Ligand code: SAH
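Have a look below at one chain only, the form predicted on its own, in structure tokens format.
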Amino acid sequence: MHTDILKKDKDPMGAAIADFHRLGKAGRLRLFSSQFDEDEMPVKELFRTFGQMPALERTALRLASGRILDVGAGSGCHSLALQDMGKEVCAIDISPLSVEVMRERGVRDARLANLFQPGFAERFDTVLMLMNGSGIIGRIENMPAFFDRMKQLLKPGGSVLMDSSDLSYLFEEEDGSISIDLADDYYGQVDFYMRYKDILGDSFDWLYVDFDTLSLYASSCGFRAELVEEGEHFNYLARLSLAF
């Protein structure tokens, strides 16, 4: 798994977040993939308040307890909501521009850090991974390394709160059956790159994982997976806890 920190000239999302924060508006944050048509990420949604968040996110924030690590914190909307709830949170992101914005918005502990870099070695009661938090795992074969990393970061009795989506609905036939070639790569593995104005980011792997597959890997790695809540569009919130 990548342990990189982005450079500002390769940080399209961070540039969009910085523009919206400082100017009150942003241009188009465009999203490209070899598997899907071009899409656009509404930058305003990255600044949503607790009341504007989807139900799964609100549930995750309520459940988060103890010392919390907010992974891929972006503009800091989840961390700010947690602070408003009186909770202790450390927000990390690999985007230097996003971290600047988080600090300007009042996130008390915002750090430029990659979840997988060896030098980041603190312990937490809750690791919070929202907005398809499974994405940063990248590929399905990285699952064991991800769970090993969680063992290093979690305090005894701690847990991971992660949301993801099951993309099998994209392979639904007219008769309602699902047609997936099991000889291919796992169907939830997607490649993306982003562009904002003249800033072009590098391509990256992103993982959407169905709950049954997540649960199988969790069990094989000494974790227990609990389906906390299901969303309206094939998404769900899971809690991952050490099984012993």
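We number the residues from 1 along the sequence you see. Just so we're clear, the structure is a prediction, and the values are computed from it rather than from any experiment.
A second form of this protein, the form predicted together with ligand SAH, is not displayed here; the remarks below concern that form.
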| Counting only heavy atoms and a 4.5 Å cutoff, which of 68 to 76, 146 to 154, 81 to 89, 118 to 126 contacts ligand SAH in the model of the complex? | 68 to 76
| message | Is it the case in the model of the complex that 161, 215 and 221 each bring at least one heavy atom within 4.5 Å of ligand SAH? | response | no
| said: So, residue 209 and ligand SAH: in the model of the complex, are they within 4.5 Å at any heavy atom pair? | reply: no
| Contact between residue 18 and ligand SAH in the model of the complex at 4.5 Å, heavy atoms? | no
| Taking 4.5 angstroms as the cut-off for heavy atoms, does residue 58 touch ligand SAH in the model of the complex? | no
| request: With heavy atoms only and a cut-off of 4.5 Å, decide whether residue 131 touches ligand SAH in the model of the complex. | output: yes
| Which residue among 168, 114, 165, 142 has a heavy atom within 4.5 angstroms of ligand SAH in the model of the complex? | 114
| said: Only counting heavy atoms and a 4.5 Å limit, does any residue of 30 to 50 reach ligand SAH in the model of the complex, and if so which ones? | reply: 46, 48
